[in-house]
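Before any questions on binding or motion, here is one chain by itself as structure tokens, the form predicted alone.
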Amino acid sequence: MQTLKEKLYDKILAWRPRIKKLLEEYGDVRVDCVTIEKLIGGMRDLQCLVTDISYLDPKAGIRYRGYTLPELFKVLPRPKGAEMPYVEGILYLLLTGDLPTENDVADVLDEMKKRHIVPRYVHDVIDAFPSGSHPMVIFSTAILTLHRESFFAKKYDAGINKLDYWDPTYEDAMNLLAKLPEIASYIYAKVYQGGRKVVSDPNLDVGANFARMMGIDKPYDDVSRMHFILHSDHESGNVSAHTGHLVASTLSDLYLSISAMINGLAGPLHGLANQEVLRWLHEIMDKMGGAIPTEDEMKQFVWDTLNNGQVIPGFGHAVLRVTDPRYMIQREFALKHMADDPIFKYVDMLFRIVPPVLREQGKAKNPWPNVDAHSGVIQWHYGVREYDFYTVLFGIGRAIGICANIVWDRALGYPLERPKSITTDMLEAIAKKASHKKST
């Protein structure tokens, strides 16, 4: 049986000629056009990045290597007695494009076991942070501290063929991904539990071991598997993914790149959305005195929120035109395990009420709930009630896809990203010229 790395290398050798042919024979073919709206509007929907790891299908949700999430949650191998698949299986899929067998997952589990130990100096750095420090700042710094372990940095300094850049990058990726859950749980213990830490068990899979280190009983192991898989990638253009790509394009190693990715994820317009949803839900509950409202009362509250110029957190999406499949997978889990949870009852009611209201209002292109409308609620139910930590959980999952992307960026020799900028004067001149052409 081929190991993950051997399988990946075969895939790389087969893929390189495809990129070479596209550049040499079709390099001048246009893919998209740039409008002033796209330039000023954050390049939204501008097709200018390449990734084969995932694609956001407006009608099917995120596809990992072509597979929808409902498909993957049915066919990926899972631990004995578990509801959710191995996180190690999604890593194998994102790297190779192939569905893993039980033996393939066992190989990845063995790799994680060999690489999971976090150096003592990383714990020392975490311990040195003053109380009250934001967990994302600590998380980013801890990852950055691991730079001294980088295989890629050492190989690059010694001299390495460009075609082999992917190899030490792969080693860095596997080493980092094996350590992230333990780093995150150690941060949780330091910041919120007075340093009370549960020792890891490397014989467990990622989801089960993370639940153990967090000190939370079943089915939190399945919650962790579900959470990390659902958040593991989302195309290349979101801020965290693009930041990881951009920094890595300078040939910075994985630790520098993923630390930067975490910094992008920490922004309130990106990774903080799930905690904003939960905060809003608690505000509703406070206004309702903790009682479950009638559907008419909830509908009125939604309208009042919209009429005050506010949005409904967790609803709508820039690309999706259906209910986010990531939301539905979480909803199915919640209906089975926490249907009587008061906060979930609010979520359930909003699921039925908000889309018709948003359609009636007529402003939302997508009135359906997204992943953030549910993820924080599940964490809260199982005792993780510190909002600021939710983005760390997000970061563990998202690192999987971004590491896979960076390995492939190096394998295919993608260059330094260096787009060209122009001035407002230039834009106005272009606009004036276009206006003149229309008038004549």
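The model shown is predicted, which means the values in this text are computed figures rather than measured ones. The numbering used is simple: start at 1 and walk along the sequence shown.
As for the form predicted together with carboxymethyldethia coenzyme *A, it is not shown, yet the points below apply to it.
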> Pick from 364, 357, 216, 334: which has a non-hydrogen atom within 4.5 Å of carboxymethyldethia coenzyme *A in the predicted complex?
Replying inline: 364
> Pick from 135, 313, 89, 264: which residue has any heavy atom within 4.5 angstroms of carboxymethyldethia coenzyme *A in the predicted complex?
Replying inline: 313
>> Considering non-hydrogen atoms and a 4.5 Å limit, does carboxymethyldethia coenzyme *A approach residue 175 in the predicted complex?
In response: no
> Is residue 385 close enough to carboxymethyldethia coenzyme *A in the predicted complex to count, meaning some heavy atom within 4.5 Å?
Replying inline: no
> At the 4.5 Å heavy atom threshold, is residue 372 in contact with carboxymethyldethia coenzyme *A in the predicted complex?
Replying inline: yes
> With the partner left out of view, is residue 273 within 4.5 angstroms of carboxymethyldethia coenzyme *A in the predicted complex by any non-hydrogen atom?
Replying inline: yes
> Check 65, 144 and 179: does every one of them have a heavy atom within 4.5 Å of carboxymethyldethia coenzyme *A in the predicted complex?
Replying inline: no
> Which among 99 to 107, 144 to 152, 305 to 313, 119 to 127 is in contact with carboxymethyldethia coenzyme *A in the predicted complex, heavy atoms within 4.5 angstroms?
Replying inline: 305 to 313
> For the stretch 315 to 339, which residues lie within 4.5 Å of carboxymethyldethia coenzyme *A in the predicted complex by non-hydrogen atom distance?
Replying inline: 315, 316, 317, 318, 326
